[in-house]
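First, one chain by itself in structure tokens, the form predicted alone.
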Amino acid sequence: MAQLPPAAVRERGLFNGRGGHGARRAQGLDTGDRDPDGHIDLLDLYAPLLAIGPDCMVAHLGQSLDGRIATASGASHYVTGPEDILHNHRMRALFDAVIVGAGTVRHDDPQLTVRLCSGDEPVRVVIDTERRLDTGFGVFGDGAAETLLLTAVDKAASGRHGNAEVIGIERWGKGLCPAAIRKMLTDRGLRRLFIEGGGVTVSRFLEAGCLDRLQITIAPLIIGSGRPGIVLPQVESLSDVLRPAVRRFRFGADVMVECLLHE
């Protein structure tokens, strides 16, 4: 796989972490089997993501050891540690659009902006099939970045939802069609897409075969109940499961596993 020169990655803001080391090493990012000093080279982590090609979709979830992304009430601040949060901000800076589901907005009210590193703001995309979110959430009113609200075609009568543009998408089961979402965003010039949650949204794109890579950061805690991460249709045999090639990185006490789904 072709590797980008350091300058190409540096231009995307990866080496300007606020509060971290502003060079090729990131504070708290380490891996025992890649560097005898216990540190990870940011080029090793991010350059392959830039080299996949102009069209790609990468999803990320943070979960506990027992596969929970939040408690039963939806509390998820913070399952993973600060290194993984910084990683999410860097991913936002590397991609054209960041996508979340309605549940993530409802429970976390995220800004979805680039604040912990330098970089351009991605377009914020919220998937709300039944258009149940009100306009009081920050993404619909703060004006910090262009925002799109994707909803079912029959719910898209009004063209605006707060400051967000409303776009109707065809239904797919209980949600919206992942392939139609990806095509619509690509047609608008948003070709590099980052899905930041939640579990239902990521699972639907994975089931539909739309993801090129899936990142799961596992934190050393056991919740014991609550909201699961990945949920896919039941299989009868282990011969039917996904067995992707993976890359592994240590984020402080957490471990991030990146699944290479479409190389």
Ligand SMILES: NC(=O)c1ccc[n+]([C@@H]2O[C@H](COP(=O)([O-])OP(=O)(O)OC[C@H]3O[C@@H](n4cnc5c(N)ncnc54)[C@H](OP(=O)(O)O)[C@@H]3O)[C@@H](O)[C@H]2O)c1
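Residue indices: 1-based, along the sequence shown. Predicted model only: the values in this text are computed from it and were never measured.
One more form of this protein exists, namely the form predicted in complex with the named molecule; it is left out here, but the text below deals with it.
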- [ ] Check, residue by residue, if Gly198, Phe205 and Arg227 all come within 4.5 Å of the named molecule in the predicted bound form, counting heavy atoms only.
- [x] yes
Open item on the list: Residue-level contact is defined here as any heavy atom of the residue lying within 4.5 Å of the named molecule in the predicted bound form; does Ile218 satisfy this criterion?
Closed with: no
TODO: Report whether the minimum heavy atom distance between Gly74 and the named molecule in the predicted bound form is within 4.5 Å.
DONE: yes
Task: Any non-hydrogen atom of Ile69 within 4.5 angstroms of the named molecule in the predicted bound form - done: yes
Task: Arg115, heavy atom within 4.5 angstroms of the named molecule in the predicted bound form - done: no
TODO: Choose one stretch from 158-166, 141-149, 184-192, 121-129: the one whose residues place a heavy atom within 4.5 angstroms of the named molecule in the predicted bound form.
DONE: 121-129
- [ ] Have a look at Leu94, Leu86, Ala97, Ala102 for me and say which one sits with a heavy atom within 4.5 Å of the named molecule in the predicted bound form.
- [x] Ala102
Task: Neighbours of the named molecule in the predicted bound form among 154-171 [non-hydrogen atom within 4.5 angstroms] - done: none
